[in-house]
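Before any questions on binding or motion, here is one chain by itself as structure tokens, the form predicted alone.
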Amino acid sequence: MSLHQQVTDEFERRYGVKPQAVVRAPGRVNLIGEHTDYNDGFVLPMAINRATWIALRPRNDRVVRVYSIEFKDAAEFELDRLEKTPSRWVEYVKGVAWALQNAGYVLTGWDGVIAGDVPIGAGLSSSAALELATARAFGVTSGFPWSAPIMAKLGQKAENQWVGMNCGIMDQMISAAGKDGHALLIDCRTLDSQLVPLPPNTLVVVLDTATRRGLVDSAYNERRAQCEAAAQYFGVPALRDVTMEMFEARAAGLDEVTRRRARHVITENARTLEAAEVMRRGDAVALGKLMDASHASMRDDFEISRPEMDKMVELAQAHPASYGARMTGGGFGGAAVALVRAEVVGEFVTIVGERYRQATGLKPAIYVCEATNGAEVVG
């Protein structure tokens, strides 16, 4: 049964009537552009065909009452008395309400049923999917116009300031603004974005290594500090402003580690812009080579990979159906992403999954993904 049907049926079961609307918002995978976001650079994610769905009806008061099928858990809160409670899924819903009201939106309450199939903890942004689906739900009941960049910023604010997770803008932006068949080139400085078509006859495969990110704050903060130190050395606001020519002319003055960190960001920005260009030409081979180069840079210059991840990427790259593969996400575990010939994707999934299991003793989760629309009202 589809999630659309599940949330509709559960809504009828709980409330005795059909929902007045159904909304959905997708998770995402980043094709290329890693650790470029906080350096004011470029990222190239796509919205995937795994999403959070909400069936709902407006209320005539300022109460929000929701049930999560996934967590088998009900929650209720008043828009006039928003309070943080110990961490639960509903804090993301509350956080969006808080961010919208702080931005001046006048909200109406609603009853809703939520379900999702974005894997939690796999680096596919289940939290952004829930935030943007919630924003869509409030848009339906409260009647305000939809602006993808504005809603993305408010979703990010909810996650940063209400939930307390320090994420960049990419996850919310792609969940808000994705389009069927396309990735989205996002300028993280201006939030300008451009739709870029996926190469024909290709599918994107997410390969969850079954290792969870130990993206310890210290390692992340250390790399941010190294990037900021390098930008200061070059006399620019962020590494996004350093060209390869500037880097090669002056990099010798940096210590070796900071030099490698900066080189990753500068080359990754260039790779991301080039990836958008080759995708516009439908060149899957060139895109795959850029993904391979991105992984090598994250492994060697930014040092955020781990042996299981390198093995997964190596196996994916070695399969004849694969154009290229790389780690995706913050690092130190999580998932890889591969660009694969559509007609032999089943064979790719079976062989790479089995060889990874043999090599590591871990059972991977593998998701074949298509690019879908961002947050939308679907019924």
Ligand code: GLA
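All of these numbers come straight from a predicted model, not from anything done at the bench. In case it trips you up, residue 1 is the first one in the sequence shown, and so on.
What comes next is about the form predicted in complex with the named molecule, which is not displayed.
Residue among A286, A270, C167, A296 with a heavy atom within 4.5 Å of the named molecule in the predicted bound form: Filtering the options by heavy-atom distance leaves C167.
Stretch from 286-294, 81-89, 198-206, 167-175 whose residues place a heavy atom within 4.5 Å of the named molecule in the predicted bound form: That would be 167-175.
Contact flag, P58 vs the named molecule in the predicted bound form, heavy atom cut 4.5 Å: Close contact is absent here: in the predicted bound form, P58 is far from the named molecule, nothing within 4.5 Å, heavy atoms only.
4.5 Å heavy atom contact, H35 and the named molecule in the predicted bound form: Yes, H35 sits close enough to the named molecule in the predicted bound form that at least one of its heavy atoms falls within 4.5 Å.
Contact test in the predicted bound form: G330 vs the named molecule, heavy atoms, 4.5 Å: Because a heavy atom of G330 falls inside 4.5 Å of the named molecule in the predicted bound form, the answer is yes.
Partner contact for Y220 in the predicted bound form: the named molecule, 4.5 angstroms, heavy atom: Y220 belongs to the contact set for the named molecule.
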